[in-house]
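Two forms of a single protein chain come next, each set out by itself as structure tokens; they are called structure 1 and structure 2.
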Structure 1
């Protein structure tokens, strides 16, 4: 008997919402896969581009044809198949279609891939609400969570609840430029297929319009519209085929909480490792901090999301791999190390080195500690607490070893 996907008369249309360095990289690899799987996906991949005028650099092979006059970025991408501003010198497949209209880019797409700075996601969701397919599904490539004294909200949950759809998450030890240059790495995609989208052996959908369980294991308030049976079933196998490349190995899991929170909390640990190295301690000291940081990360997830988090998730690329990269080479580590070496605050580093841009690790630390203090459990997280103290100037880097003597 043929599988449901073998005779599906409709194909999934894909849109990437975002066109920065990482967004364009994901559009590239996804477009390569839609070409290779024409039975599942429409070939063209829409990529929403915030329109701006660009001048093609003089060392670009396109400069002679384009000249020195500023041109619209979407026009440049669609003509020369290169994002000359955010991913220069990387050829894009011709089926990546840059679109300056957000609403038009998401129109009729059954798979929406969100890949833009987290501070813009609220406005983007407001703009496309009511303009997407009711049965669209999402994947968030945005690392981080929103934490207040009242709650921890995953970005994929925010997207799903705002738009009335289900949204999974992609996270891992991923560096956009390396992936764009097809240097091998791996990633983790967390997608807990809603019951209404699960197909039986007869090809029929599961519970029609069922309320799926949210990240806390509770019945969601969002009532989903099932993906029509005319489409290939939107489950792990289809998402694997959409994202996996010879240079980008995908591991599929169902633990959206573990993947999302590991990607956020590792930024606190990365600050700590930068402080350690800036103080003059070596790799063995950093590994001690990473170990303690992972313990507190897992503890946080198990304490506040006990119904859904899976400890094995932290052995995925989204867990240990991402933490190691973040604690040895990424920007939170780099600038916290610089602050200690120079004997200045992180806020001073933000001002002098980042032109006022903010380090995500600082905001994550403050938000997470505010959440823990509101529950009176901050002392159970000594490393997170110490990082907040170093940021605020109330704890000294040299005293970090004390934390390990009182476990």
Structure 2
């Protein structure tokens, strides 16, 4: 029976945790949508910024007013509505509010979008634990995994378990600068609405109560607090309205494992493709590496998450499309190619060429390989193993074709 509501309807407040190249782009598109759906979302979108001092570049139209003095990045974003360091030359909607306080940025938000390099997520979760709404829900746009001892964990599961909330994943063939310039692309969002958030036909929350099935298909230890009735139901339709733009086509699915792991592991393959091209081989060699990389990706998903991964996910934007774009035009590919061409390490290139941006492939390779070694199965993943060897200087790019020889 319908439960009479004793309080006024509420709107979802949205926070983007992170403000790099992709974090700022997602804040922009989400803020456009909160303006378009004022019945569902509060208009202002909080964006947590890891504070730093920046000097406005001399070719920026804001340089004349701001001068050469270093200024806080949050002040610059809120004054000029531009992230001059991580997403220069892209005007942001004025309802993107840069906030240097992590705890204040997430306060009272029912939707938390995590979007920062994966190596920082542990520290971020530690800081916000206990400071978020108990019924907040998350979407992780982070491409990576967390590895502890011999356990590999999806970032969205790590966030969910650490904060006691449910968290889905967004991943796709998405180059931030293209989307910021409103060049069309697709993306994939994986979200399994927890039973306690599913509204029955009579408007009540679903009856299944507190727990939900995690990405391994097991009943989670996390006791969820349901999203209160006063909010619009936090299901696929609302998430679609939050992320879909005319230039950003969203496909909603339920395979959180496939979406998350394809997004993480393709960064290892992108490094391999950059090495290949830096060495002087071209597209035909890269497609061989992409094919092998996708096989190892699917094998990894099926070996460690057999209960829930769906092979169809690899035909979504988060699957093959992301593999192709990452191996032909994204940062991990571009800068690993540069490292081979210049004969310097990838870490050195990250330090000198990326102006604070991160190559997720370096840490993902190390983490995935340490997990595979702990299990003693590293030889079943020859391409991933070779990439680790190249990063460490123990394997040569010229020997990659040996991996493809049939015995």
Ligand SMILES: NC(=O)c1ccc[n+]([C@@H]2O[C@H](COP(=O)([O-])OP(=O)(O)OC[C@H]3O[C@@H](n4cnc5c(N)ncnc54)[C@H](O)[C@@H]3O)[C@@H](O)[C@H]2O)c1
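Everything numeric here is computed off the predicted structure, so don't read it as measured data. Residue numbers count along the first chain shown, from 1. Only the largest set of C-alpha atoms that superpose within 1.5 Å between the two forms is called the rigid core.
Novice: Which structure would you label as the form predicted on its own, 1 or 2?
Specialist: It is the first structure that is the form predicted on its own.
Novice: Is residue 33 one of the residues whose C-alpha moves 2 Å or more between structures 1 and 2 after the core fit?
Specialist: No, residue 33 moves less than 2 Å.
Novice: With both forms fitted on the core, check whether the Cα of residue 42 differs by 2 Å or more between structures 1 and 2.
Specialist: No.
Novice: Once everything's superposed on the core, is residue 150 shifted 2 Å or more at the Cα between structures 1 and 2?
Specialist: The answer is yes; the displacement is at least 2 Å.
Novice: What Cα shift, in Å, does residue 358 show between structures 1 and 2 once the core is superposed?
Specialist: Its C-alpha moves by 8.7 Å once the cores are overlaid.
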